[in-house]
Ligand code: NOJ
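As C-alpha cells, one chain now follows by itself in the form predicted on its own.
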C-alpha cells in the first residue's frame, strides 16, 4: 500500500500539471513545492540540504553504512560520485520508494572536461576562441554524463586566473574577464540547454564563488584580498555572466575574501548573488568548506560554522554533515528560523523540479541510452575537433628555405623523445571525470597512424619529474640517427588541477637538460609541450626551432597533434593566458596598468634588471602556417556621444599559401579617467576563416556601455574623454587609432 505522503505528492504533481496547462507554470511549481515543504519534518528538510559522496572500491561503487541509513531515513538530498545507470537507479529507488516523502535525489559529478570521453582541458579549449565549439563541448559532456545517470555537474569553473602557479588555472578560461564571461555563459547554455528537463542536459554549477583564482602566491586554498573595484571589474564578471545565462547552482570557494571565508560571506551569497544579480538557484559548499570555517578561525566549532553558513545564504552542505548534525538544534534554540530553512529547501527542490525529477525520477536512467552514448563516435569526433582547435603554435622558425612545420609525410625517420611521447594517463589531464587511460590515443600512436610507412622510434629519455638520466644515452643515439626529432615534454596530469600548485613552473625533473642535449645534436627539433598551465620555457624558446603548445588534450590528443604537425590542420589557437619568462615575473598579464613610471630604459622606472616586463608569449598570441596581414584600422567617427554607436573596422588578408583561421582582437584604452585604467582591455574578437589570398573587413561596434568601469566613487559609469583603439593578432602586435567620447 502506498503511503499517505506518496499519494499527497501525486496529488501535488497533478495540480502542478494543471497549472502548467493553464499557462502559469511557475504558479504550479510554487504551489507544488510550497505544499510539499509544508508536509516535511525539520529533519527531512535539513536532509535536502545535505549531500554525501559515494565511494568506489575494487568491486564497484558503494555507500558507507551510515550514509545508506541516512538516505533511507530521508536525511539526504543529493549524492555525488555515484556513476552508471544501474547504481544510480538503486539509490534513486531508495529515495523515491522507501522514504516517507519520496523526494528524488540529484546526482552530481565533476564533469570538468568530459565524463568518459575526455575533451581538452578547459584552459586549452578556451584557446580556440570558438564559443560555438565550447558550447557544443559542454552539451556533449552533459549528454554523456546524463546517459550515465548524472544530472548535475560541478562546472563551469569561471575563476579568472593570472597566476599560473595555481594548479586550477587548468580548469578556467584564463586571464581576461571579458572573454571569461563569454565562455562562462556558453558553458552554462551548453550544459543546461533550452530545456533543463531533457534527459540529455544537466544542471550546471558555477564555481568557485568568489575570486578563487586570485589566491595569494598561487597556493591552493589560500587567502584572497583585493579592492572591491578589482573584484567587481575583473573577478566577479564571469560569475555574473553565468547567472545571467540561467545557471541553476553556485558553489562557494575555499578562500576567504577581505577576511570572510566565502562559505560564511553574506555579502557575496545574499547581497550580491541574490539581491543584486537575481540568482534563483541554490548555493552549495565546496567539499567540507563549511567545516573548514573552524580552521579559518571565524567559527569556534562546527555548530557555529553551520550557523554562519545558513545566515550567509548557503543552501546545501557538501559532505561535511554540518547542517544535518546542527541545524535542527539551531532551529530549536531560535538561532535559525523555519523560514530560513524553508527558503533553502525550496531553492534545492526547485532545481529538482526543473530537472523533471518529480515527474519521473528515473528519467535519466536508460541502459540503452547509456550504451549508445558513452564514447560514441559523436563524442570522439568532437573531441578530435576540439583538440585541434586548442593547440597553439608558439614558434616556427625558417630553416633553409621553409619553416620547420608542417612536417613532410615523406620523412624517412622520426624520433619521438620525451616522457610524454607515449603517455596515455597524463594526456587525460587533471579532473578527467570517469575517463580511462586505455581509451587515450597518444602522440606516438597518432604519428604512427599518420605516417605508417615512416620509421618512427620512441625513447622516453627521462621520467616526467624524477632525476633519472639513465635514458639519455639511448635518446641521443636515436636522435642522431633520425631525420627529425619530436620532443614530447611537459607536466603530468597530477601536476595541475586542485592541490597542485607549483612554486617553479618550469619543465619538471630533467626535461630541460634532456631537451638541451637533443638540441645540441644539431638535428631539426620540434618541441611539443603538454601541460595544464603556461610553463616557463625561455631557454627552449631561444633554441628550439619549433614549439607547439598542445596542453593536455584528452582522449584524442595524439591524432589532433599529428594533424597539426603534418599540416592536415592549420593551427589557429590563441593564448588566453600570458606565458611568463620566469616564475619571478608572475603575475604578468596583458591588462596591467602603466604605473607612474612606465619602463623606458632609464634606471628609475618600473622594470626588472634581468628581463623585460613583457611576457614570453602574450595574451592572444598564436601562429599559423599561413600569414595574415592587418591594415586600414579606422573608426567611422572621431567623436561619439553617450549611447551612440562607433564602428571600428580593420582589413585582414591571408597573404600566405595556405587557408587558415585568424582570431581578430579588439582592445581599448581609456587614456584619462578618474581612476587608473589598464593599458589595454579586450572589447571584442572575431574568429574568421580566410582562403589563401582572401581579404576581409572585420567590423566591431562600441558604445559608451562598453567603456564603463567603477569610478572613484564606485559608480559603474563611462566617462567622457579620449580613447585609444587597437586591433591585431594578439595583445602586443596591434594597429592603433582612437576616438573621443563626449
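Remember, predicted model here, so these are calculated numbers, not experimental data. Positions refer to the first chain, counted from 1.
A second form of this protein, the form predicted in complex with the named molecule, is not displayed here; the remarks below concern that form.
Asker: Is residue 168 a contact residue for the named molecule in the predicted bound form, using a 4.5 Å heavy atom cut-off?
Answerer: It does: once the named molecule is placed as it appears in the predicted bound form, residue 168 has a heavy atom within 4.5 Å of it.
Asker: Mark residue 304 yes when one of its heavy atoms lies within 4.5 Å of a heavy atom of the named molecule in the predicted bound form, and no otherwise.
Answerer: Heavy-atom contact with the named molecule at 4.5 Å: absent for residue 304.
Asker: Using the partner position in the predicted bound form, report whether residue 389 sits within 4.5 Å of the named molecule, counting heavy atoms only.
Answerer: Close contact is absent here: in the predicted bound form, residue 389 is far from the named molecule, nothing within 4.5 Å, heavy atoms only.
Asker: Any of the heavy atoms of residue 287 lying within 4.5 Å of the named molecule in the predicted bound form?
Answerer: So residue 287 counts as contacting the named molecule.
Asker: Within 4.5 Å of the named molecule in the predicted bound form, do 318, 431 and 498 each have at least one heavy atom?
Answerer: Checking in the predicted bound form: 318, 431 and 498 are all within 4.5 Å of the named molecule.
Asker: By the heavy atom within 4.5 Å rule, which residue out of 590, 179, 87, 254 makes contact with the named molecule in the predicted bound form?
Answerer: By the 4.5 Å criterion, the partner-contacting residue is 254.
Asker: Pick from 207, 240, 382, 395: which has a non-hydrogen atom within 4.5 Å of the named molecule in the predicted bound form?
Answerer: Checking each option against the named molecule in the predicted bound form, the one that comes within 4.5 Å is 207.
Asker: Determine which one of 279 to 287, 524 to 532, 666 to 674, 457 to 465 lies within 4.5 Å of the named molecule in the predicted bound form, judging by heavy atom distances; exactly one does.
Answerer: Of the stretches listed, the one contacting the partner is 279 to 287.
Asker: May I ask you to list the residues of 95 to 128 that have any heavy atom within 4.5 angstroms of the named molecule in the predicted bound form, in sequence order?
Answerer: Residue within 4.5 Å: 110, and no other.
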